[in-house]
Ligand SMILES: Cc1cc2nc3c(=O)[nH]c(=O)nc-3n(C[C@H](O)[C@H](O)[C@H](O)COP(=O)(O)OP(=O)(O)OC[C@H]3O[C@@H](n4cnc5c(N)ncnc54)[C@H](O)[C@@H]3O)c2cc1C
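The form predicted on its own is given below as one chain in structure tokens.
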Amino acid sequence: MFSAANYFYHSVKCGKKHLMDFDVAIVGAGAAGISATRYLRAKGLSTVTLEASGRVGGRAWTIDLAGYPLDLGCGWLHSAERNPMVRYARENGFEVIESRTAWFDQWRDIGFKREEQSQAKAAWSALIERMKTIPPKSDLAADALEPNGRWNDYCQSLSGYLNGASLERLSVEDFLAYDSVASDANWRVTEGYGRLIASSLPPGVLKLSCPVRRIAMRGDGLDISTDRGAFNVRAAVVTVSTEVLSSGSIKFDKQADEHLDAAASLPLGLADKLFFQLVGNHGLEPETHLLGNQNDSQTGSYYIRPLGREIIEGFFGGPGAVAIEELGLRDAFLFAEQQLVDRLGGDIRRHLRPILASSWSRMDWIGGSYSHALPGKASKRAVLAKPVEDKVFFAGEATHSSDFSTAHGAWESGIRAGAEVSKTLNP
């Protein structure tokens, strides 16, 4: 096995001076960083995982509150029939719930008549069909909207939930790459998706609260500068978000300029959640859903009593998420409460207790929710996924060709990068 120790022996024998601290540094301990760490350790390579924040999981984050595990970030096992996290969860004692989601339903058709629901869904389907059959030359998804269409705001709200961005910022080619492989199978983990991801990091060398500041090339490896000292390694897998990459928070040599440009073309959209606890005899049925206002592109989407819990999970995407973050925590809850009152009547107020909300754009070392390609920039995912001189490798959901914006896409990208590193270091 070609370990760090015998690499040092080889370096000395060849007249080189550097003792390698580790074979590989993994920058970021989200889903991609964790899967890369698992893969590389299984191949016998020594690793150090450097995480800027004080926790593991990245955009997967389960918080126990009001007696329930609540996923502040990703919460659904998308395309579950082929999602590798389903098998991992079952093999490691997590409970996977296979059930139909209620996201596209309106409980008792309140405020959104059945006929209107059918029309709105048909408008969304027609938009996707136009993208496929007569894609706009601009690659701008908004250009595929029906001019002055009755349900354009509804379509914009769906784009916000799915992409974290409005159709004006979305590449048609990129959207179709995801849509062509995604299924309607969306399952859940009872214990929380964030807990599943975080628990999968193998024991070993983890450095929390350890932001990486610079990754510098040298002849026989890399110098990695952090707030907790420097590391000499043979290679690195960088899994931080595109917002972190494009912000310049980590300095790279000029060889990575193309990758940083690609990251700027794949910005993070925004999706936020807020949670109400339900108290008293509210009369709401489990596993149901209400859209706050089908005519408002910034509307909240409210999942009622998921898994039978006494919770309402409000979801805001794209411009809606931007709006509630600008409102601030107190006014964001008031906005959501008013939407629920408009649907359910004033009595619901006494049953609602605000307990938790996210603000992903303000989250240090992340800066948003999930990536989307700007119009004309879908090819940048492949650029970002390329290694730099077989020393710096990139992973993360933004590097996946089709399952971007998902935790399992990030997980798969970490395995892909790990295999590339292993092939280079252990030919």
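Every value quoted in this text rests on a predicted model; they were computed, and no experiment measured them. Residue indices: 1-based, along the sequence shown.
Below, we turn to the form predicted in complex with the ligand, even though it does not appear here.
In summary, among the residues A262, L170, V189, V212, the only one with a non-hydrogen atom within 4.5 Å of the ligand in the predicted complex is V212.
Think of it this way: in the predicted complex, the ligand has a heavy atom of just one of G292, G73, G221, G160 within 4.5 Å, and the residue is G73.
Under a 4.5 angstroms non-hydrogen atom cutoff, the ligand in the predicted complex has A29 among its neighbouring residues. The ligand is not shown here, but in the predicted complex it comes within 4.5 Å of a heavy atom of Y193.
Mapping the unseen interface onto this chain, S53 counts among the residues with a heavy atom inside 4.5 Å of the ligand in the predicted complex. For L352, no non-hydrogen atom is located within 4.5 Å of the ligand in the predicted complex, even though that partner is not displayed. Taking the partner from elsewhere, every residue among I250, S369 and H408 has a non-hydrogen atom within 4.5 angstroms of the ligand in the predicted complex. You can rule out all but one of 386-394, 58-66, 373-381, 36-44: in the predicted complex, only 58-66 has residues with a heavy atom within 4.5 Å of the ligand.
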